[in-house]
Each structure stands twice: as structure tokens, then as C-alpha cells.
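Consider the single chain below, provided in C-alpha cells and representing the form predicted on its own.
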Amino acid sequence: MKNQIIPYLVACYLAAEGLFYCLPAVWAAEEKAAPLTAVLAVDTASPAHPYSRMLFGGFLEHFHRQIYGGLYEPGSPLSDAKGFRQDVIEAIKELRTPIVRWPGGCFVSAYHWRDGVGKDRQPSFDKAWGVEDPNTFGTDEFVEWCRLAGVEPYICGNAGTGTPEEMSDWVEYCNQTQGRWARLRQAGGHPEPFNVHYWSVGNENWGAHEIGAKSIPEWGPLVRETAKMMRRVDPSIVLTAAALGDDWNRSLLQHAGGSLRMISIHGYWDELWVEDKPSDYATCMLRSRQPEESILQVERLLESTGFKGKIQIAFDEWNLRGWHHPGVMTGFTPEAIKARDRNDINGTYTMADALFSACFLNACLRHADTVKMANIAPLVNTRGPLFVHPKGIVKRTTYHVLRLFANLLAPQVSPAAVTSGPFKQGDAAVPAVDAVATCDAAKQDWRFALVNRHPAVAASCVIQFDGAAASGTCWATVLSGDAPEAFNDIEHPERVRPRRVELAFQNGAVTLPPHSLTILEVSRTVPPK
């Protein structure tokens, strides 16, 4: 142990300087023999800043059972007179979901919004997913559902087969009091504007999988002209646009940066599009730092192009697991469409999904000055936190993570230095403990989101304020499971659920169970100046 003193002190120093995250690898040799340790150090003199609650947003697409048979099921005894599932609405309210992006996703790049408004709606063939959409759930229904669920609507426009004029007409339909499309909304029983504030130009138009994919030279000018038309209809809207890597983004910002408030990035780190073989717990944990790497890449780009502080990041599609939809590039056979039912297998969504999601949200909070929106994809069914079936709902492990973050964290995020022993798998390793610190404006009420990635070893985590270890007792809400592979399903809906416990600091430390998320509540009395 004495040979580790110098590396440990070096680690503490570097962590205090914000340059180091994980304790030296020399600690790994004794991981099995020694308990896992971590330190979270807060400097209360460092400024804390509010973060955007839109980090806890959601996403809905006309794919599989997200809309039809998900949140919208006319005729169900669980739905209201307009077909909205009431149990889903109540679950979304419990999540305090602030914003929901719709209608896609890939679906939007061949979707014409006029097909989903008015009284004479006809079904349309969905070129993105190879099925027929009845168009009974359109703009009116989406906005009404958002109001019932207490969320802000966020509409993504068709930049695939659509045009700048079509996208700007959609803004008129939603937000104007005059004009042909505003009158169509009024004739449909909505005399007052919907006032949809958030809009996106396109989805993943950079990808070959997307209908109406664009090249780098095409994209920037298209976004510029679309933004010009949309903002002339309503100059108050907040606009984002599909973004990717440096070359794509540099061209986008060069042509349209002055019209955008955010750029939209996506991430799925267990790509299951064609072959549905979900990665195991350890593999998922080893990938759980990759979302922060994506954020850092975009931050570097914004700084190098002069848009730092002017344009923020919307991580408006994210999830650990990619959706299973074989046939995108080869054609949708009946077998390929049926294979989408594999997304309904609740056993897929384990503590790996929960803790990856917690690490993702921690990363967004650490970069809260840049990341202003994040939307789990999707919110309902497919890979989402809420599984909806004809007789009720199942709150998957990720549902509880979102609920804890949205309901229990304090309103400001504070810089914190985290050091941790590693979780190793083969030659790869990540810090076993990931953490973020939040507080109220007075810095008296502190809430820490602490993730122990290790599947089998508890972590002793020391909480320090200005170098002094915390003491006394505190309350905590712990989300764990009887195994890393634990999940919730119809038969066992509460196998994984949060529990509230009172903890006592032992030499400044609390114990974090294996494969767990702990929201720690610490109150401090700050002496008057």
C-alpha cells in the first residue's frame, strides 16, 4: 500500500486541477483484495450555474408502437375519449418530462405534415419504415397530448423530401393568426395559435439511411434558406439543425450558424439496427464515457468556429441501445417488420441501461453551459423507459433514472473533482464511480448523483466540502437490482425500483452498492459572512 501513496497524492492533485478522473492503474492490482474507494471533492467557492431542465426531455417517432398502441390507442379502456392513454400521461407527468421531440426521426424525412391535419385525412405509405400510417395522430393531436402531459412540443421538419416552404408553412399552421395555413388550423377547431417554440431543420440528413440524404455542400445552404423562411413566419422560434462530424458541422455553421440556437447531435452506443444481440453489462459500462467524448468534440468545434456561447448542443436523440429495424438498406420484408417486436423484450433493459443513462445525464450536467437539451429516444415503447401494453405499463430501469434526476436534483450544477478506483474488463477500464454535484443557490442543499459501475463490488465514496469530509447522517435514494442483469417486466414490474434510506457518514464516506445509482441529499449550514 505504501507504494501507492505517491500515485494517490498525484491523483488528488490532478483531480483538484480538473485534469484527472481515475485513480492510477496500480490500484487495479489490489481491486479484488481491497474495497473500492472514491472521493468526490467540492470547492464551494467555485461558481455553480443553473442547468436546463430540457436535459430530461423525450422523443417520439412514428415507429412500431410508439404512437399507435403506445401513447395513442382509441378504443382502449385505458384511453380517454380522444384516444390518449391516461396511464401514459400520468407516467410522463411523474417523470416531469419538460420537452418532447416529434414526429421523427427517420420518419419525418418523408412525412408531409398536411397529411395529418384537417378532417379528411387519408392513410399514407411510410417510406421510412415500410408500413402504412393512418395519419389519425398528427400535429393537432401531438400538441394536445403535450398540453395534457405538461410538456413543451418540439417539432422536427422534413428536410428530406420536404422543402423550405413546406417547413415554414408548418410554422404558420402552428403559430400564426393569419394566412392560409393558420386558417386551416382555426377551421379545425383551434382558434388560438399552438405557439410551438422549438423546431428542427431535418433529422439525420447526413446519413445514407435517411430518405432525402444531403451532401455537405447541399446542407448548409438548405438550412440557411429554411431558417430564413421559418423565422419570417415567426421570428421568436428556437431553431436547431441536424449535425454530425467536424466537416459537416463546419459547413453548416458557415452557412447557417447565424440563424441557429442549437445544433442537433445523436448517439446510440449499442448498435442493434440489424442484429439484435444486446451487449452485456460490462461492455456497456466500458462505453459509458463515450457520450461525454461526443460532447467535447462538438464543444471544440464551436470554439474553433467562433460559435462558443452563441450556439448550444441539443442531444435530441440518445439511448444506450439502438433500435432494431433490419431492412433499412435492403428492403422491408414482412419478416423484417415483424422483427421490430424484439424491441418489446423487456429483459433487454437491465441495470446496464439504467447506469449508462445516469452516466449520460451526468455528462450533460457537467457540460450544462453547452448542452441545453437531451431527448431519450424514444420515450414510449421500442427502447424507451416506458413499456406500454394493452393492459397497462411497465416502468423500465431507465424510467426510474429519469424520474430521480428530474425530481431529486438541486437546480444548479457545481464543479466537483471525482477520483475513483477502476472497473476493469480485460485490457479496458473506466472509473468505477461517476458523479455530479448539484446545489441550491445558497449552496446549503446539495444533491449528488453517484453511479457505481462495478457489477459486484461496493464503493466507499468520501464526500468532501472544501477539503473537509462530510459527517453526520443524510438521506439517499438508491436504485439497484438483485443482479446487474435485473430488469422489470409485466410479471415483475418492481424488481428494480428506487428505495429511500438514511445513511451515516463513516470517516466522510457512504457506501454505494454494486451496479447502483445513488442520489445523496446533504444539507449544510453555511455560516453568515
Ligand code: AHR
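So that there is no doubt, residue numbering starts at 1 and follows the sequence shown. Just so it is clear, the model here is predicted, and its values are computed rather than measured.
Keep in mind that the form predicted in complex with the named molecule is missing from the display, and what follows is about it.
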{"query": "Three-residue site S200, W318 and K372 fully in contact with the named molecule in the predicted bound form at 4.5 Å by heavy atom", "finding": "no"}
{"query": "Non-hydrogen atom contact W129 with the named molecule in the predicted bound form at 4.5 angstroms", "finding": "yes"}
{"query": "Proximity of W323 to the named molecule in the predicted bound form, heavy atoms at 4.5 Å", "finding": "yes"}
{"query": "Proximity of H112 to the named molecule in the predicted bound form, heavy atoms at 4.5 Å", "finding": "no"}
{"query": "Heavy atom of E204 within 4.5 Å of the named molecule in the predicted bound form", "finding": "yes"}
{"query": "Options 433-441, 357-365, 297-305, 204-212; stretch whose heavy atom lies within 4.5 Å of the named molecule in the predicted bound form", "finding": "204-212"}
{"query": "Contact residue in the predicted bound form, from G157, P385, G105, P291 (heavy atom within 4.5 Å of the named molecule)", "finding": "G105"}
{"query": "Sole residue of R447, K424, H266, R403 within 4.5 Å of the named molecule in the predicted bound form, by heavy atom", "finding": "H266"}
